[in-house]
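This document opens with one chain alone, in structure tokens, the form predicted alone.
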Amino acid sequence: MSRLEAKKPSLCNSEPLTSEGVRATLSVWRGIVSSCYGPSGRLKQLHNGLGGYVCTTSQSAALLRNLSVTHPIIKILVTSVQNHVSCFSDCGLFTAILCCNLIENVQKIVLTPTTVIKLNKHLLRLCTNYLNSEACGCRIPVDFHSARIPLCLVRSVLTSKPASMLTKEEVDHISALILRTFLLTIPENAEGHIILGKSIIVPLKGQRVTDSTVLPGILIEMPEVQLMKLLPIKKSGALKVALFCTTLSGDLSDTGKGTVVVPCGVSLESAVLDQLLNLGRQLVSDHVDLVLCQKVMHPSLKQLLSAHQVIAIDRIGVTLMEPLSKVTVQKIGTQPIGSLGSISTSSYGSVKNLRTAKFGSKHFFHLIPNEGTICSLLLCNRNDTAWDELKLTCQTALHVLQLTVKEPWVLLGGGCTETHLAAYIRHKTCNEPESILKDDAGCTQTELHLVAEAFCRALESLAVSLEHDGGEILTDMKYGHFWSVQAHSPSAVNWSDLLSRCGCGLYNSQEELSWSFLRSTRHPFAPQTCLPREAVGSSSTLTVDCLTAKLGGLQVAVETANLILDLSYVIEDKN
């Protein structure tokens, strides 16, 4: 009999943020995510000490998925960021760094958590109202009749993920390809409520990135030998399709706790095979041209269909079932067939054509839809690690384009929105504190100034995280944008001689601007609002962020920081 251990008491820690160990853990976590941030972010390699899969990344989605976290407070932070990334795909590092900065900065001011939380909510409302307003000086409208801003958005996502290992030429190629892929998912005659289609990413590893391409329809990979057996395809018009989501192998399905009663002298296998062959004869008599099966198809059924010039493809897999049902859809809608009984003619779908294709060493059947919004993105990269990172990046770019269709605005990137917003908050809290505290009589203007300064420092520290090579960070006193100077630059020269363009690329240093160090003490100023259209049109390449994703990240960062600041006890069950 095994020895029973006495139950251990739960470990209870009061005021967890006052612990030096907790502060050190938060600081380490902030250092990890900050060092990944931006186009020159440092890569992280995550692996188990006993071996297995090695992940090389700087993206929050891959980083958080592969990182084992045990500390309760860090778990809260990681879970919040993961939930944000699952909804928006982008701005995960932005959210994590800002949350850490807010927590650390608040620790340096002597105010109660209740007061800080209340004022953080006021400042969050101030930020969201400004970023959603027409007066916002860092918001650009997106017109999908022009490819310029959407391309800038996609390019900004690609260049912020250095583990994809793309050259400038490759970034341009993939950016155009992603935008084209996205446009292929938009219905041509869409009116009112738009339902976007789906893009399928097909891997082609070991090929040049510039070999990547996109095709309308679905590509089904097949061995060359099997492909040749199904050729030639004689029919030139539309093909009638039967799509099965059940097995056609003839195997008996699991009866669970039930029993199957078989009369004496009856072969169950023969009965099932006869049913499959009857199904095949019905498909032939209904003039079906293409049979697609998610699972395995019996060889005898395949032979019967082949003898009547019906193309049969099995082992499609569950991933392609949803897009296949959309590609083969008819006016009344086509659902995958899930039984071996008699099939209604309304269960059939159709495709415009069926071709063969070869890319690299892989062979495919190419299903071309009648009016579908499904496309296949053949994505190439040099090796597995770079391809995995590029796939995740492309998925992020496609998602932010979808978000931008719903809310057609982008924010200036490259740290400029953060520094501009910090300047705006400082100006508002110094000159119009009553407008911020109008609904709250429990906070003083002094408390507002303290918390606002901590909030602004958190935003500025986030922008500074983009610089990983020891360069100096400046801000101009007109627009409040982010400017970076290379490390070890001579200090006894005009700043305009050392600077080229601001972080987002909108303004150049030849304008009549004055600069100051970002973290220096300076008098609050009102950054220029209402971004002029001519300024947006004058820059060939802009760094921009998805407005929806960034606003979501800002809200999650502040709310998570407030939640952690409000913790009085952490109780851990050690059993």
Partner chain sequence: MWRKICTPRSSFELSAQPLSWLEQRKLLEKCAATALSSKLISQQKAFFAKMVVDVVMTLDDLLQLKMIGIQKVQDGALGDSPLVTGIAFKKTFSYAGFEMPKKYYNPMIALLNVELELKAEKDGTGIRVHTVEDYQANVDAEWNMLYDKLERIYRSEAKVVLFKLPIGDVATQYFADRDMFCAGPPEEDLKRTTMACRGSLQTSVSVLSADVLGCCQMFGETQIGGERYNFTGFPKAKTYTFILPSSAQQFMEEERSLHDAIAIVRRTIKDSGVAGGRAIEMELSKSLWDYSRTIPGKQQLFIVAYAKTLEIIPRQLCDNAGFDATNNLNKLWARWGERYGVDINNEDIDDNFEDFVWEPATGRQCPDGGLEACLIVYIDETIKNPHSTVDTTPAGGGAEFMATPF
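Positions refer to the first chain, counted from 1. Since we're looking at a predicted model, the values are computed, not measured.
This next part talks about the form predicted together with its partner chain, which is not shown.
Visitor: Could you tell me which one of 165, 430, 405, 284 places a heavy atom within 4.5 Å of its partner chain in the predicted bound form?
Guide: Only one listed residue qualifies here, and that residue is 165.
Visitor: Exactly one of 540, 510, 70, 514 has a non-hydrogen atom within 4.5 Å of its partner chain in the predicted bound form; which residue is it?
Guide: Contact residue from the list: 70.
Visitor: Give a yes or no for residue 47: in the predicted bound form, does one of its heavy atoms lie within 4.5 Å of a heavy atom belonging to its partner chain?
Guide: Answer yes; at least one heavy atom of residue 47 falls within 4.5 Å of its partner chain in the predicted bound form.
Visitor: Heavy atoms within 4.5 Å of its partner chain in the predicted bound form: does residue 303 have any?
Guide: Yes, residue 303 sits close enough to its partner chain in the predicted bound form that at least one of its heavy atoms falls within 4.5 Å.
Visitor: Does residue 133 make contact with its partner chain in the predicted bound form, using a 4.5 Å heavy atom cut-off?
Guide: Outside the cut-off, so no.
Visitor: Classify residue 237 as contacting or not contacting its partner chain in the predicted bound form by the rule of any non-hydrogen atom within 4.5 angstroms, answering yes or no.
Guide: Output for residue 237 is no: heavy atoms all beyond 4.5 Å of its partner chain.
Visitor: With the partner removed from view, which of 295-303, 447-455, 136-144, 81-89 is the stretch that lies within 4.5 Å of its partner chain in the predicted bound form, judged by heavy atom distances?
Guide: Heavy atoms within 4.5 Å of its partner chain in the predicted bound form occur in 295-303.
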